[in-house]
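There is one chain below, alone, in structure tokens, taken in the form predicted on its own.
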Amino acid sequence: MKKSSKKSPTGIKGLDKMLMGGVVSGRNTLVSGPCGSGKSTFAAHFLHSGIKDHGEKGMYVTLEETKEKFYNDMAEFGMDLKAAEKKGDFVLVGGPIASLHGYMEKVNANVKNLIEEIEEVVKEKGVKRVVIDSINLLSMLSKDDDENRKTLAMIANSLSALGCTSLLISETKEGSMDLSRYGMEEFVVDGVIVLYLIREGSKFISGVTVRKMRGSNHDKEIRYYQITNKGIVVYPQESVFTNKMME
């Protein structure tokens, strides 16, 4: 009998039910969605749960958020990652960039510099969970699609080799049902979770689906979710297209 893959719960109970336990440990999962769909909150759940419930240190790599803004935003959902940092259980790498050109000058247009920094922190701190938010900006440093794919593969392979369970965040175009921004990211990773904002009249309905999870079975429906004062709540019995939405 084939041995089932070890799972790493995301901390979002309804989603973990869809995932039949969580994302596959030691692998990379793409989390994509349009602006405002809750990708960063999703990532924080994953990191916070790892620290609080499973004793796994986390790292958040960002090219957009300031440390204080991220901490303050997540504290609103009851996730005190600032306190986790003080205890040595969490580390934030990076910060906002004034322009892509400025970032390219900083790293000499070579993403290897950032990967080496990530590897160093993972080894030094004993990090087990990693979030990169977002891979869109890293992709913009590539000259063409081929180099872009190689860059993402380099990041994914490096994190897997270090034994990390990782989420790679990607922003998609609003109103689309695309899995990723460039249409190739989903082929590099082991799993794909997509957050949708689906227009229904004058409002948007939030839906989440697991499109791919190598080594694991999973729910294949688009399920309803909300962003509440406790963060993301997924309703694993509520199908976006067949059931009436909750008000």
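Just count from 1 along the sequence shown to find any residue number. None of the values given here were measured: they were computed from a predicted structure.
Here the subject shifts to the form predicted in complex with a small molecule, a form of this protein not shown in this document.
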property: 4.5 Å heavy atom contact, residue 40 and the small molecule in the predicted bound form; result: yes
property: Distance check, residue 85 to the small molecule in the predicted bound form, heavy atom within 4.5 Å; result: no
property: Interface membership of residue 237, the small molecule in the predicted bound form, 4.5 Å heavy atom rule; result: no
property: Contact flag, residue 77 vs the small molecule in the predicted bound form, heavy atom cut 4.5 Å; result: yes
property: Candidate from 56, 221, 64, 190 lying within 4.5 Å of the small molecule in the predicted bound form - any heavy atom; result: 64
